[in-house]
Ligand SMILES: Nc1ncnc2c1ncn2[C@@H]1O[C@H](COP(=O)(O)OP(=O)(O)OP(=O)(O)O)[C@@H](O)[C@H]1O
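Take a look at this single chain, the form predicted alone, given in structure tokens.
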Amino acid sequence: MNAPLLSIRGVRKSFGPRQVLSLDVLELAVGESYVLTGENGSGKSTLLRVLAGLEKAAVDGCTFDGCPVDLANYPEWLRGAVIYVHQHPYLFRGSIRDNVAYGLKARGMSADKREVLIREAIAWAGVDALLDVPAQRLSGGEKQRVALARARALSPRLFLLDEPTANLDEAARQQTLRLIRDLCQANSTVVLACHDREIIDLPHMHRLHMSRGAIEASHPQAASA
């Protein structure tokens, strides 16, 4: 196993009287892929949102790449290293190109460098033919691929993907699955919450099964023949 990228301990999160996270320890290694499984309501999406800084939780301690992190005051540098992709990704009005370019512009990247990354991400996601289609007219699968392209263009250290293949028809699911396989084979750390058996069974995928807000077991997959 590679060195830890993110290590977190003592995570507690409640919505009113209902406790949705009660996590003792979680370590994510550099370049490894993890899938969170469990019933609806087991805490998978909430955990991803806490790691992404989108939900507040009580946390005893957290480090990212060896640096202490206060998740309650989520640092800006960490937002550049961690990217969350929602099950129903939000796309801005405008073109696919505008959507992929958004984060790069926000980082102040030059137009020349930005253009190279935009073209690469669009080609990678296979959405070249959709460049003239307004974002609001894209199908669910097309929106998911654009969101993954937008995330990949930012070169994060940690991808957090929430049910990326849910509610897609089979053709769209396979297209999205191809992109997920590619992300998992790259050098980024990937964490997915899903019920998709084909993702769960990917080679070298570490399965983290959640129940009542806690991780019950870790099951590293064997390499495929």
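Computed from a predicted model, the values in this text were never measured in an experiment. Residue numbers run from 1 along the displayed sequence.
Heads up, the form predicted together with the ligand isn't pictured, but that's what we're talking about next.
Mind telling me which stretch in 33-41, 65-73, 152-160, 168-176 gets its heavy atoms within 4.5 Å of the ligand in the model of the complex? Residues of 33-41 come within 4.5 Å of the partner.
Are any of the heavy atoms in T46 no more than 4.5 Å from a heavy atom of the ligand in the model of the complex? Heavy-atom contact with the ligand at 4.5 Å: present for T46.
Although the ligand is absent from this view, report whether V20 comes within 4.5 Å of it in the model of the complex, heavy atoms only. V20: contacts the ligand in the model of the complex.
Using 4.5 Å between non-hydrogen atoms, is H195 touching the ligand in the model of the complex? Flag for H195 set to yes.
Contact set, 88-117 vs the ligand in the model of the complex - heavy atom within 4.5 angstroms: Not one residue comes within 4.5 Å of the partner.
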